[in-house]
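Next up: just one chain, as C-alpha cells, the form predicted on its own.
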Amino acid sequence: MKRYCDSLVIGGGIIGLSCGYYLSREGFKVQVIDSMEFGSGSSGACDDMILLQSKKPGVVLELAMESLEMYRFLHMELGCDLGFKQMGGMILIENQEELAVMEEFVSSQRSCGLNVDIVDREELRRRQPHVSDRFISSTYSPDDSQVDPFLVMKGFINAGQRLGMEVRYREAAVTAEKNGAGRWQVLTSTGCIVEAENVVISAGAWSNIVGGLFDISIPIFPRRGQLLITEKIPPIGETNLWSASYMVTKLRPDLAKVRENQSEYNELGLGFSFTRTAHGNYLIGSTREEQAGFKKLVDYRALEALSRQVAHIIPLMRHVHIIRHIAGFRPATPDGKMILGPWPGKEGLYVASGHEGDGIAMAPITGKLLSDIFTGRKSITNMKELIPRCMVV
C-alpha cells in the first residue's frame, strides 16, 4: 500500500500537530504519523503553562510573547475551547542575593516589552497569603497563562482534518530513502510507504532516533521531568507560582545554595512550580533529570523531594493529598534553544523540535514559522539562532 502527500510530519504531539495544521492552512496536503497513542508522549505528561518570566531576553522570549498573542485568539480560529486562561505568575524571592539577580533579570525582560515587575512582601502576601513568611518579595506578571494541552492537540487535529490533514497514531516510521524522482519514501510499521516531497521531524525527545532513519544526528536528548498532581482543592492564592532559586542558579551559578541533600538535588535537577488546573487540581513540579534516558518510571525520591519542597514553600500543602505522580521527557538541546528549519544537505527534510519545557507555550508560533519557511514568507524573527546548528557559519 502506498500513500502520497506534500508533507509528512513525524510526531503527533502538540508541536507536530501545530506544524501539520499550519501547513494544511497554507494548502499543503499533510499527513501526521506517530508511533504511540494520542497524548501518550511528552505533551501528555507536562504542565500547562505559557510561562514568559523564565525566558532570557532574546529570540526565545520574543517568540514566547508572540505565541501567547496567538493563543489569545486561537480558540476562535480552531473553533473550540482550549482551556486558555490568565492567572498571572509570581516567582518567589527568598533573600537579598536572589533579589539583586532577579531585579537585573526583570529589568532586561522589561526592556524587551515583557509586562513584569518586582513586588514587595506586602503585595506578595496579598496575592499569596499561604506562602511561607521567609520570602521577602517576588516577581509578578499578569501575562503568564495556561492552556489544556489535550484540548489544544484535539483542536489542531479537528481543524486540520477539516482542511484535509490526515493523522495516524500507532504508525511509526521504520525506514526512509529518496526515490528516483527525489521524493522521500518512508516505510511505516503498518507496511505502508508514504511518499512525500517534504518530511518534518517533530518527534520531541525521540527526534534524534527518527533522525537516524535519515542518516542525520539531531542534537536533542531526553530530560526526564516528574510532576505531582493533587486532589481538587479550593484556590490557593491568586496566581501560579515558581521559585527564583532554580533560575538564579542558572543565571548566577556562583550563588547556588548548598543544600542538605545536594547530590540528590543535583541528580533530580529540582525546581519549583505550582500551577492550578481548570478542574481544581494543582500540578507540582518539577525535576529535570539528564541521566534517566527513556526510563519513564516515576522515582520515589522525586515524590519525596517535591512533596518536601512544596510543604516548605506553602505549609498549608502538608494537609493536601497527592493523587498522581507522572513522568515525561523534555526534548532538550545543548544550548537550550529549539531547532527549527531545513536540515543541511538533506533537501526536503526539516526539523521542528527541541523545545524542552516550552512545547506547550511555543506550539502555535512553531507551526506558523514552519509554514512561513515552506511558503517563503519573510519572518520578522531572527531565525539564525533556531535553524539546525550545523548550518550556522
Partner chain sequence: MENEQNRLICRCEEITLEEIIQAIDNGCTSLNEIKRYTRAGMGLCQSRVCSRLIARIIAEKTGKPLDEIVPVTARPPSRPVRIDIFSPRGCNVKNS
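Computed from a predicted model, the values in this text were never measured in an experiment. Positions refer to the first chain, counted from 1.
Just so you know, the form predicted in complex with the partner chain exists too; it's not on screen, but the next bit is about it.
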*Though the partner chain is not shown, can you say which of K296, H75, R288, R252 has a heavy atom within 4.5 Å of it in the predicted complex?*
K296
*Just one of K55, H325, K29, K346 has a heavy atom within 4.5 Å of the partner chain in the predicted complex. Which one?*
H325
*Do Y169 and the partner chain share at least one heavy atom pair within 4.5 Å in the predicted complex?*
yes
*Please run the contact check for E37 against the partner chain in the predicted complex: heavy atoms, 4.5 angstroms, yes or no?*
yes
*At the 4.5 Å heavy atom threshold, is S307 in contact with the partner chain in the predicted complex?*
yes
*Touches the partner chain in the predicted complex: D120 (any heavy atom, 4.5 Å)*: no
*asked:* in the predicted complex, does every one of R134, H312 and V320 come within 4.5 Å of the partner chain, counting any heavy atom?
replied: yes
*Counting only heavy atoms and a 4.5 Å cutoff, which of 139-147, 278-286, 186-194, 112-120 contacts the partner chain in the predicted complex?*
278-286
